[in-house]
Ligand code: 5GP
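Only one chain is given next, in structure tokens, and it is the form predicted alone.
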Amino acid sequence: MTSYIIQEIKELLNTSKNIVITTHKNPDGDAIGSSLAMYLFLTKKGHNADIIVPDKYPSYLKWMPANDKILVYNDKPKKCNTLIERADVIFCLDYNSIPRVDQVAEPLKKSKGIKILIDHHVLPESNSFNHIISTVNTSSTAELIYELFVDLGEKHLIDKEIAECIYVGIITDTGSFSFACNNEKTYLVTAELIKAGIKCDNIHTLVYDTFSENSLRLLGYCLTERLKVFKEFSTAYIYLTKEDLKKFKYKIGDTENVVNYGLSIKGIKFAVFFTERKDRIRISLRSKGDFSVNEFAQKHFEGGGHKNASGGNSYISLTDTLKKFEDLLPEYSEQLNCKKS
């Protein structure tokens, strides 16, 4: 992080301020973990801080410290608008452009507060923020948050609760260190979090061992009834209809890691998960090696994210979306069958 930006943030935080922390629509572990770590840090420093998320997030994240301080914009839009309007500083965590916050975008654009972006996705929207801390060479936004606290000279404020939030961000955005973490720095940061008192095994249980009976049955259904494999393209996909979700009493978070099962098949380099929603088809994309799902999602499905983990949307029917996807595969045959892995 540049010394200029660190100095600017340090000066901003020298006196008590009204601060709002925002993150992207459909918040995941990194979004929530980063936001809560920042909230706990700021309140320790005497700031009046609030967290605003666009919509609901998975229940397996609700055990985290200060979870009860999170405001869901959909539930309390007037209160959230007031907080954003009066904010002196707004931290924009784990997203690279204002539209990623969905309905929070308009009040955010109107706010006169100083906007600070902290993110690890490609191509940050530079004109929308006053200060930007952004790199794609870091495992997660949570890891960037840790680095910020250290660079500010405030490492001593990272207690067990803050460390737990940062750790959740790191493990959920790396699939428990299975991707996006080929950097020794991530493990050194994790070691420091352990020194702060976190219990890795307990956190793993709280985050990952939380299946309900319905969600486990839904996973079984995905693998037995909705999995399609295209060995000639080293590709697999899983899809769910609205009726499927209703049948298994779907709740937010029930399909969080389904896309990774396709990628776990031997020889598969590209895995996709299609979910039929009320107004769109939500698409999760994962890959191994040099195949960029970020570029694929940007080009074909109005999405983006990371090289090996991205999301997208389709506004045609599920049937037409699946056909479109299958028809695209021959175009990528050479990339998907290259020798690199």
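The first residue of the sequence shown is number 1, and the count goes up from there. This is a predicted model, so every value here is computed, not measured.
What comes next is about the form predicted in complex with the ligand, which does not appear here.
Enquirer: Would you point out which of 280-288, 50-58, 37-45, 63-71 contains residues with a non-hydrogen atom within 4.5 Å of the ligand in the predicted complex?
Expert: Going by heavy atoms within 4.5 Å, the stretch is 280-288.
Enquirer: Just to confirm, residue 269 within 4.5 Å of the ligand in the predicted complex by heavy atoms?
Expert: No, residue 269 is distant from the partner.
Enquirer: Just checking whether residue 306 would be counted as a contact of the ligand in the predicted complex - the rule being heavy atoms within 4.5 angstroms.
Expert: The answer is yes: residue 306 has a heavy atom within 4.5 Å of the ligand.
Enquirer: Can you check whether residue 115 is within 4.5 Å of the ligand in the predicted complex, heavy atom basis?
Expert: Judged by the heavy-atom cut-off of 4.5 Å, residue 115 is well away from the ligand in the predicted complex.
Enquirer: For residue 302, is any heavy atom within 4.5 Å of the ligand in the predicted complex, or not?
Expert: Contact with the ligand, yes.
Enquirer: Quick one: name the residues from 309-325 with any non-hydrogen atom within 4.5 angstroms of the ligand in the predicted complex.
Expert: Read in sequence order, the residues that approach the ligand (within 4.5 Å, in the predicted complex) are 309, 310, 311, 312, 313.
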